[in-house]
Every structure is written in C-alpha cells, then in structure tokens.
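Starting off, we have a lone chain in the form predicted on its own, written out as structure tokens.
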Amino acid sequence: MRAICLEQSTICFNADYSSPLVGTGEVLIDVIKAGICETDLQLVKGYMGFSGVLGHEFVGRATSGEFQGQRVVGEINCNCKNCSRCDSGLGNHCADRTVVGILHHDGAFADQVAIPQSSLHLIPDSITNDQAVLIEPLAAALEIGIQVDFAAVRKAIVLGDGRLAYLCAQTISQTVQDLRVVGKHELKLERFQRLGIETVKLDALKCERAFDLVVDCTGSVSGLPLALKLVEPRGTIVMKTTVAAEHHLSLAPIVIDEIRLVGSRCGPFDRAITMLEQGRFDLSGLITHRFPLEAAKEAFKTAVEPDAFKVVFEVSQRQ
C-alpha cells in the first residue's frame, strides 16, 4: 500500500509499504482523508523519537466489525483496558498504550490503518468528510472545558492563530464572553474575527497580567513564557502545545503567583460528533490545501507556510 513514513526525521513516500498487521480487537480502516497537525510537524523535528507511518487525524471506512462499510473516525490512544488506569477511566494515560502515528503504532497517512474496534466512532450522514477529519482536534479542544470551569472564567486569551487555536477559541467563546486571540498572521486572524472573536497581533500585544485563563496553542517554546506574562495571580494556564525543543525558563512565577498549570491532550470524540451534528462549530473553509499521498514532502512544506491553515491528504477516491 501507499504510505508516508518518518525515518530518522525525514519524510518519505513509500509506494509499496506493508499493509498493517491487524491485532486482536483491531479493525482495518480504508483511509479517506487524513490531516497534518502540529504534532506531526513536531514529530519530524524529533519529538517522541517516532519512526513509521505518520498521521492520527483521519476519516475512513471500516472493512470489518460493527461498523463495516461505514465511515468512522478513531481515537488515537490504544490502551490495554486491563490496568488500574484503564479501569479508573484514564485509558488515555495507560502505561502500555500505543498512540496512532505517534508512539509504536503506524498511523493514517496511508491507504489503510489498523484501529481497535473500541476506539472507533461512527460518522453520521450529516457530517461531511471535511468535518470528520477535524473531529480529533475538535475533541482535543473540548477537553479544556472538562478540565476548566468556563463559567468561572472572566477573561480568557488564546495564544496562537492556527488550527487548534481556532477550535479552542470556538470552544471557549460558547461560555466566556471576554475572549481574545493572539497571533502573528493577519490572514489567519481574520478567520477568528469573522466569528466575532477579538484578535490582536503579537507585535501589538500589551503584556498585562489580566487574564484568569490563558491557553497556549502556539506550537512553540515561546508560548509558556508569554502565558506567564499574561496570566493573573491564581489564574490558569492550559498547555495544548507539544514541541520537540526543550523549555528553558524559571518556574518561580508559578509558585510565587500560585498559577495553575494544566496539561491538556486528547478529548471526547462522542461529544465532538454530537456538537458538530448540532451545528455548534464552524469548520467551513478550514482546509486550505489538499494533496495526494505522493506529494508528502510538498504537503509538509506547505503546512508551515503562513497562508496554510489545514493541510489534508486526499487518500481515497471513494468518499
């Protein structure tokens, strides 16, 4: 099968990659679309030391199992379901998990990917493939609302103007009235403005410690130091950023000002699907560039360009 692989921090297209070995409880998925996200870009820089097929944001068709022949998306954490963490509802943090396209598990930048049946979610007819391929990052954005009580937030600010920031801002704005987004790119910030969300260019930002919630979606080590300049004492910083580079900063302000630092990762797929059905998120026009798998290097190069928002691989002709 065709696949995009990461080998020694180098992206390569393989026209004859071995089909996935389907493990116990897994289902083979024919991939329809798969999206490049910031984590994929960080993996190329050495994050997690991953080698293999990249890609964890996807929509496809199940070839067997409960959803055979139907469109599905899949959660990325493949856990053991037998340990104490799994039993207590912390399967996303199972010590023996693999993570699709990230940790010891080939991903979805390929014709097929193997996913546990228990990780699959059926896509209703009302949700398009372009929307479905964004369910994984939308679920990640919704996770913030599980970790933070939005009803208690007075002023919030999202750092970053990319794909995840856009979904996080929409999530927060449904409860928090005073919200702004900081970014570097006027073209990207215009997307937020069309939703009625206040924006500010990074070079015009006045660093006042006036926000009780700061969400870092920068994809950069510069995000956390900036967040610490904006969060008020006893405020909350949510980190949605994973980067290959190391952070070098003093943690004293977190102690002195009693800052709550929250790591935030994967979220509820079922809720993301329901909210999409209800029309509560605007995902229109987010996909700005589309490529075949064969154009892997061009696609990854495009994904870091200022005018790129979401880059997607069109894997299958069957929709």
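This one's a predicted model, so the numbers in the text were calculated from it and none came from an experiment. Residue indices: 1-based, along the sequence shown.
There is another form of this protein, the form predicted together with another copy of the chain, and it is not shown here; the text below is about that form.
- None of the heavy atoms of residue 198 is located within 4.5 Å of another copy of the chain in the predicted bound form.
- Interface residue remark: residue 152 is not counted as part of the site for another copy of the chain in the predicted bound form, having no heavy atom within 4.5 Å.
- Another copy of the chain is not shown here, and in the predicted bound form it never comes within 4.5 Å of any heavy atom of residue 80.
- Residue contact check for residue 263: one or more of its heavy atoms lie within 4.5 Å of another copy of the chain in the predicted bound form.
- Of the listed positions (48, 44, 28, 275), a single one reaches within 4.5 angstroms of another copy of the chain by any non-hydrogen atom in the predicted bound form, namely 48.
- This chain is drawn without another copy of the chain; in the predicted bound form, the residue among 258, 282, 294, 66 with a heavy atom within 4.5 Å of it is 258.
- Shown alone, this chain has one stretch from 167-175, 180-188, 119-127, 226-234 that lies within 4.5 Å of another copy of the chain in the predicted bound form by heavy atoms: 226-234.
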